[in-house]
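What follows is one chain in structure tokens, specifically the form predicted on its own.
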């Protein structure tokens, strides 16, 4: 197997070097990431695969600056996470990065439209919100229409199907026009037909806008359609180009 950094073409937007992450379970230390090296390039879809518990989601959270690494470095557009103040990291996660999670993480008391508006409300704050409200609300309407929810904007999550909730989550992730999209098992909680629809929606987004994406998945079909895929094996990212391992992962 070759290291995952060897095949990434084009301009590198996100770079990980020597990333480690461990968790303490009582007196036991569980090493999840053991020196990950990884490049993600502008406009590509990179799929991250691996068996359950291998650290895929942990890696995604570290790459997206949601969680710190124990050691190593994460550079986003040339900026080292370790040198960026916490307030600025929060701003970048809100404005430059978008996140889509397996279990949606929608606020149950808000409508679909209100959930999509949340990133913009956080971005502008109470004082600046009135002057931006009209424009960002129009954008939220457009996004919900694009994901097929034109007639469901006023519905709360409990009145939406799993696929509809994930579509709301995708629209929310795109609301602030991020340059980078992180997706953690975006089809993992959906039936086959709905999963295909969500995958097609993400790929269409990449084709039309050049949206850069990192997608954690166990879906071999999704991996085949990505520009590249890497396996998390023994806490490291490997890119050997063989899909038989992907199908082995899917069977587990």
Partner chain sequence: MYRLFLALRYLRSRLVNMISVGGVMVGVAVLIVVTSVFDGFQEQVRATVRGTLSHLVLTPRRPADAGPDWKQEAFADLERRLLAHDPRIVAVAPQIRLPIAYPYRSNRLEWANVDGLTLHQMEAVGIDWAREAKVSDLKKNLIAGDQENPFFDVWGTDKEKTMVLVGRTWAEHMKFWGPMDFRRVVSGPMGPDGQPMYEPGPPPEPVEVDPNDPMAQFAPKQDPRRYINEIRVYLATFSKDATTGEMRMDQQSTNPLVKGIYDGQDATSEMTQMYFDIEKLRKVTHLEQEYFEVRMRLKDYHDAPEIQASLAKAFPELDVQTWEDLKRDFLQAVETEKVMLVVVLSFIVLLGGFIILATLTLTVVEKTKDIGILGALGAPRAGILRVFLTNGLLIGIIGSLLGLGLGWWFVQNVDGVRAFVAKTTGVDLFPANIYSFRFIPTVWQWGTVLAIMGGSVLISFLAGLLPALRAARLDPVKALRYE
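All values derive from a computational prediction rather than experimental measurement. Residue numbers count along the first chain shown, from 1.
Missing here is the form predicted in complex with its partner chain; even so, the following discussion is about that form.
- Its partner chain in the predicted bound form comes within 4.5 Å of no heavy atom belonging to residue 180.
- Within 4.5 Å of any heavy atom of its partner chain in the predicted bound form lies no heavy atom of residue 146.
- In the predicted bound form, residue 160 stays away from its partner chain, with no heavy atom inside 4.5 Å.
- Taking the partner from the other structure, its partner chain in the predicted bound form has a heavy atom within 4.5 Å of a heavy atom of residue 61.
- 67 is the sole member of 197, 67, 227, 31 with a non-hydrogen atom lying within 4.5 angstroms of its partner chain in the predicted bound form.
- Interface residue among 136, 153, 106, 74 relative to its partner chain in the predicted bound form, by the heavy atom within 4.5 Å criterion: 106.
- Residues from 194-226 do not approach its partner chain in the predicted bound form: none has a non-hydrogen atom within 4.5 Å of it.
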